[in-house]
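Only one chain is shown below, in structure tokens, and it's the form predicted on its own.
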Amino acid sequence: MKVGFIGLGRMGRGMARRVLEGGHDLTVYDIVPEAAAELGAAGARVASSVAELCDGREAVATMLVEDRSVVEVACGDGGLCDSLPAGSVHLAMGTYGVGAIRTLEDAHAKAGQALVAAPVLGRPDLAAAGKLGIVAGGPPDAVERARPVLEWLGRRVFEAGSKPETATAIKLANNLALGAAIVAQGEAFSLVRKYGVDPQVLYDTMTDGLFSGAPAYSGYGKMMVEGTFDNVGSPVWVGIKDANLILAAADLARAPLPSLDVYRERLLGAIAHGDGDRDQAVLAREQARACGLE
């Protein structure tokens, strides 16, 4: 396929390189020109603007962090809506709010294009290896047209429904469950420490027992035991961004989410203590502080 890729951060770089390795005709763009240099050296075309990137593309993937960034890239002057050929697909692959996805869906429909929300599940190492989970929501024909790229990028494509916001709802709900798991592990490790137990023993008990094969426990739990919070996959500041998107979605749906309140409290505490750039596993330290252990 003729693919464009915008947003070459930690996740985006690995994903874009994966697209290139799949033999697709790839053009990349990032607001920081240096970020595209590596992909250019590997064989991708490097565009100097969003409009230039869109020329002749069948699909353009965006991997941008903030709602306002993806809306500006799509709806601003010279953006995707202005520049993509009719019938092209915008793959919104970051974690965005329901309101932003609805805005994008309407704008692309008016421009004769299609929006597929395709948020990803996984960390940067999985992105580079093509082992992400991808949740796809959007018009079935648009999902089918994008399938060669989606299946090459991920180990599995989870089909959410014919509206882009269905994929957004699943991604936000998944992040809520993950956040609750991170908080629960932090609480559990602090509890056993209060009794003089080596946290490694609890980690082994969990990962070779009830939570065997669960990456949220084997991955985040290992980082908590070892204190490797600077090995960043998803930093705390991204966690609070996503938590606020979950809160907004819950408000729209009139859904109480008490677990979210605890997760947000720990994230905000970590930021207040200067840990905003560390991995979300650092919430175990935040719980330890609350228990008087640090």
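When you see a residue number, it is the position in the sequence shown, counting from 1. Worth saying up front: this structure is predicted, and the values here are computed from it rather than measured.
This next part talks about the form predicted in complex with a further copy of the same chain, which is not shown.
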**Q.** Contact of residue 156 with a further copy of the same chain in the predicted complex (heavy atom, 4.5 Å)
**A.** yes
**Q.** residue 271 within 4.5 Å of a further copy of the same chain in the predicted complex, heavy atoms
**A.** yes
**Q.** 4.5 Å heavy atom contact, residue 251 to a further copy of the same chain in the predicted complex
**A.** yes
Q | Contact flag, residue 86 vs a further copy of the same chain in the predicted complex, heavy atom cut 4.5 Å | A | no
Q | Position in contact with a further copy of the same chain when the complex is considered in the predicted complex, options 124, 215, 139, 130, heavy atoms within 4.5 Å | A | 215
**Q.** The single option of 258, 56, 43, 227 touching a further copy of the same chain in the predicted complex, heavy atom within 4.5 Å
**A.** 258
Q: Given a further copy of the same chain in the predicted complex, answer whether the residues 176, 180 and 205 all have a heavy atom inside 4.5 Å of it.
A: yes
Q) Based on heavy atom distances of at most 4.5 Å to a further copy of the same chain in the predicted complex, which listed stretch, 185-193, 145-153, 108-116, 72-80, is the contact stretch? A) 185-193
Q. From first to last in sequence, which residues of 97-123 have any non-hydrogen atom within 4.5 angstroms of a further copy of the same chain in the predicted complex?
A. 98, 102, 121
